[in-house]
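Only one chain is given next, in structure tokens, and it is the form predicted alone.
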């Protein structure tokens, strides 16, 4: 049966573009509306842990990850002091959103999708509309700050994770020797910075990362890559009745898991066959929407619950004291925790 009903995707980030690519493999007419333009830097850990090659193959986007870095070793620090070292169960990929989003956009256009840049659509509940526009704007206690370092910074492991009194930060190489530096901090409106890079140093200094601040002060920072984002809350996002959402628009996992980008791709992979069935008239929109949401909740329920329980502990000084004591004795079940958030 020929495809008759088009799909409109609001949001051209990772989830939206991956969904468009998957739908075009089944010849579904697709239009993507992106509020910004490509390429652009985004506040993102740019780290994909727990991602199966099968997901990339099913979406037809494996080639977009060419040149990605692969990481296995992780070292945790607490205000500059080493806590623990471990290795990931399987290597994780790292690739900048600047490069990845641009490649995905070019790929879905080559597949015949229409991508409209600088197009901000209002929330709408029309059949055939998928909301993939990232975080749901609302008051929250967090701010994310990110930059790329292009030189002068040596890492002690593939991924460095730094705990402070106000949040945590990760550093890992992406492509071309660039190092992504991205942190999640409790929002403090008293901290200022005329640029996002200066703001990052302010938050790190406030969190007790004196040695890390010095390392970054002597590094070469790509100022164009510096960005910040506030006005969001972690966890399941506020539901709009009748709206089909994927990616961060449905759930924002705590970034310490390294699983946010992976979840965006997995949510797109899950949604593709059900949306194809709706496009071909095999199911109603109501049934399609409810089944996708039910399956997303089932797939992500455990990892969301665990991440929401662990994340507050990583930013509370009293909890950090105990975490540090256990970590130095090798008593933190890192591998088990990783399995729970994958």
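Residue numbers count along the first chain shown, from 1. Just so we're clear, the structure is a prediction, and the values are computed from it rather than from any experiment.
We do not show the form predicted together with a small molecule, though everything after this point is about it.
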Open item on the list: Whether residue 40 contacts the small molecule in the predicted bound form should be assessed with a 4.5 Å heavy atom distance threshold; does it?
Closed with: yes
TODO: Flag residue 11 as yes or no: does it have a non-hydrogen atom within 4.5 angstroms of any non-hydrogen atom of the small molecule in the predicted bound form?
DONE: yes
Open item on the list: Considering non-hydrogen atoms and a 4.5 Å limit, does the small molecule approach residue 15 in the predicted bound form?
Closed with: yes
Task: Any non-hydrogen atom of residue 303 within 4.5 angstroms of the small molecule in the predicted bound form - done: no
- [ ] Have a look at 198-206, 128-136, 268-276, 103-111 and name the one stretch with heavy atoms inside 4.5 Å of the small molecule in the predicted bound form.
- [x] 128-136
Open item on the list: Considering non-hydrogen atoms and a 4.5 Å limit, which listed residue (244, 163, 147, 261) is close to the small molecule in the predicted bound form?
Closed with: 261
Task: Of 182, 221, 88, 179, the one that lies within 4.5 Å of the small molecule in the predicted bound form (heavy atoms) - done: 182
